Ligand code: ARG
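Next comes just one chain, in structure tokens: the form predicted alone.
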């Protein structure tokens, strides 16, 4: 009872402080971005003379009458073409091949997640500067990606809006097992996603959710950048894949499956995954299954060029390069089949396999193998937003969306390679980069 007067006094003080704070709150910041053209990815058209009105971090209006509301600051981009902020659905911001300077084993054996944590803000900034304002980070040990996402969200460091998976799940001896190929007397310490059997898999999913994962990733098949002999054989049973998806969806998390091989792809689709990453050896039955289930296919069709040109020089094992030779061309041919079949396709590059900031190099490959420039751009905007569950927030320039905008000097619908030279980037109403030539 003696504390009641003190409690009342504190409450009155806090109330007064809140009232003063409300009265002194800064006014909403209103900005208008003007350009010569706007790519309307929802409608699949290009419109002239857009004016995008922004209040704080959201778009409030898009108009074409040239009338600027009073009291609004104008950012005039001149003859530039304006687009929504780009989305990459498959990146690894906690690593980069430039770290490997001719000695693959030095990078593997002498570096840790501490190195990753120190370097990842550099890669995040490069990605944002390249016009990718939203990414899905699919795989990082020790939850470094969770810490990176949180630091960006707090405003501590610049970077794209991130959805993260934490450590990817995989079988012992498989693509997620860092000890594969090494002596059994060599130990790697840290948090990984190795889990075998239904119960262990469910526990691992719950651990990732507990520690901040937005999405669950698992290795349905073998891979290129790991030591197992196969590149595409299934590494989980159907029952195990079913358990990953069931448990993740129970916790409201979408599931991305790494899968190169045709059988592993079909098993993952039957399990109910939201997206198949790589999709390299998908067959006609797999394409039909993906369409029936509404599964997104993400083909990382650029990085074959980089791996074949650079990995041998960097000292990567010869088996890695040989496995890439097995899937590179075939993946592009199957990408072309998927486009013709009208599959649901999103933009995912596996950035981190090649240098961060080069994400947009994939657009030219996508158009070479069957997509129109508009389709390729839609894969990296409206389609990607749908896959990530972020429709209405990112992926378009429209009222209510985050003010995530990029611009290029040329016309990306005539030359999609223009997207490799983004000169203006805005994320959430804040300008990250402005190099527009006037």
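Residue numbers count along the first chain shown, from 1. Predicted model only: the values in this text are computed from it and were never measured.
The following text describes the form predicted together with the named molecule, which does not appear among the structures shown.
- The candidate stretches are 363-371, 142-150, 241-249, 299-307, and the one lying within 4.5 Å of the named molecule in the model of the complex by heavy atoms is 299-307.
- The named molecule in the model of the complex comes within 4.5 Å of no heavy atom belonging to residue 274.
- In the model of the complex, the named molecule sits within 4.5 Å of a heavy atom belonging to residue 353.
- Proximity of residue 331 to the named molecule in the model of the complex falls within the 4.5 Å heavy atom cutoff.
- A residue is said to contact a partner when one of its heavy atoms sits within 4.5 Å of a partner heavy atom; residue 214 fails this definition for the named molecule in the model of the complex, lying far away.
- Site annotation in the model of the complex: the residue of 224, 135, 264, 256 reaching within 4.5 Å of the named molecule with a heavy atom is 224.
- Residue-level contacts in the model of the complex: of 327, 290, 201, 163, one residue has a heavy atom within 4.5 Å of the named molecule, and it is 327.
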